[in-house]
Every structure is written in C-alpha cells, then in structure tokens.
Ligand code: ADP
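Shown here is one chain on its own, the form predicted on its own, set out as structure tokens.
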C-alpha cells in the first residue's frame, strides 16, 4: 500500500468573510509528483502556506510526513523543501558560495558544506557556472540553483510554487527532467503548483483542479478524461475517398471494432468515439475491407481539454 506523505482533511482558510480554501480533502503519496492546477487566486498559495505551517487553518487538519505543521512548524521545515516563484540569493555571492552558506545554516561543517554544494551543483547542471555571481544567473539558472538549495537538507517533500515562470523552453525541459529524476529515482514527493497546463501534464502523476478555493476534481489524466468525457476519451478522425464516408456498411464495420463506441459523419469525415486507443485496428480494418483510407488522426483529451471543461466550460460554478 502506498505511503501517505501529505494528508489534508476538511482544510479551510478564511480571511474575514472571504474563504480562500474551502474544505480541501487531499492525499499525496510518497514519491508522487502531484500537480495543483488552477488560475491565479484559486487558493494554491494559501494551501502551501498551511502545509508549511506559515498560516493556521480556520478548520480541518493537515499532516506532512506525519507531522502537524501548525504545532510543529520547525520540524516540518526540516522535512520539506520549498521553491517559490522568485528565488532570492545573495547576488554578490557565487552559486557555490550561496549553497555553502545554506548548508552551513543547516548545520554542516565547512568541508561537508563545500562537498555537498559541489555535488548538488553538478546534479542540477550548474558545475560550469558555480563560480559566477548569482546576480548574473539567468532565470532558468536561478531556478536550478534554487532546486539545489532546497536539496541541501535532503528533504522528503519538495513544494514548487510556479517554478517555471519566465524560463525559456530548453530551461523548462531541463528543470522538469530534474523533477522527474528526484521523484522516480529518490522517492521524493513533489507538490507542483502551477497554471501551465502542458508542463504539468508532462511531469505529474496526478493533478488536482483547484478554483475558488475548492478542489473540483483530482486524478491522473486518463481517469479525469473518463470522468468528463464518458466512455469515449479517444476520438479518431477518419478520411476516406469518394462516397465511402456515407457508406453504411463501412460505418457498421468500424462500429464492430472492440473499443469503438460510436461512429458519425462530420464534415465529410468519419469520427470514431473510442473507449481505448484502437487507431491501428481501425486502419487495418478499413484497408482490409477494401476502402480507400486517405487520413487517420487520433485525438486524446488532454489537460487543456479538462481545464477548459472545468474553468471555461460552465462547471466552475457548480
């Protein structure tokens, strides 16, 4: 059974009459990368503050590594590394000097601090830049230095709050690869708070859709697609020559394929709604039946479709 690292039950935060977080129930397991996804003002940062013991909930309970961050905030901070949107460093110090400083604050001797800092700089791909002043680091380099800074204390949990804002595409790819390695190779639990859909989908095992202080849905992309789009999370667009698109025999042949739920004619193309990916079976069946196949395009509902459904498609007020 998976080990539960973060447990939130009925977690609520009010500021006067305004409810920032509304009865949040959520469990995140060891080694999982969980994406907390929602627009600005959804309550993501307030939730993070409660996880870190930096603000008290109005109601409910929160547990991180079996520690109550409200009664034991210092102990939680020993277990949890936090990387904010904008990382602050001593800009006149080099990258290496900044990490050594953090390591010394965490109780390491000078020699231990230098060895660990060197090792972490190599790990995040900054060895070649270790003696450059942090003040001239690019945004992506600062975020990687921030990740190394977080790893100084060997955390069990890392919380990333909008970590990829302003980073170029190559830098984003490098950063996300580091996150995946930390989770899969070292069993570190990662909470990734963002409103960048594509990046979240790339790295997260599960996502939670957060808006108006409420968790509207949570799960992996496939389960959310199944929930939102019924038994047909895949759609295959089929192009055939001539009058084949209106041929009832062809339509019935495609419908008989296991996994195909429905076939319809839309704009002179056939659309097959499927419960699983049967693209290759559809292609083989059409060709073997002697019909002239001209195109075949598969659409999977992704996080952008799910996001639109909840935040733009009318369910956000439900």
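Every value quoted in this text rests on a predicted model; they were computed, and no experiment measured them. Positions refer to the first chain, counted from 1.
What follows is about the form predicted in complex with this ligand, which we do not show.
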**Q.** Listed residue that, although this ligand is not shown, lies within 4.5 Å of it in the model of the complex (heavy atoms), from 268, 40, 264, 249
**A.** 40
Q.
Using a 4.5 Å heavy atom cut-off, which residue among 289, 58, 279, 45 comes into contact with this ligand in the model of the complex?
A. 45
Q. Can any non-hydrogen atom of residue 11 be found within 4.5 angstroms of this ligand in the model of the complex?
A. no
Q) With a 4.5 Å heavy atom cut-off, would you call residue 308 a contact of this ligand in the model of the complex? A) no
Q.
Quick check on residue 24: any heavy atom within 4.5 Å of this ligand in the model of the complex?
A. no
**Q.** Partner-proximal stretch of 25-33, 64-72, 45-53, 253-261 relative to this ligand in the model of the complex, 4.5 angstroms, heavy atom
**A.** 45-53
Q. Does anything in 12-35 come within 4.5 Å of this ligand in the model of the complex by heavy atoms, and if so which residues, in order?
A. 15, 18, 20
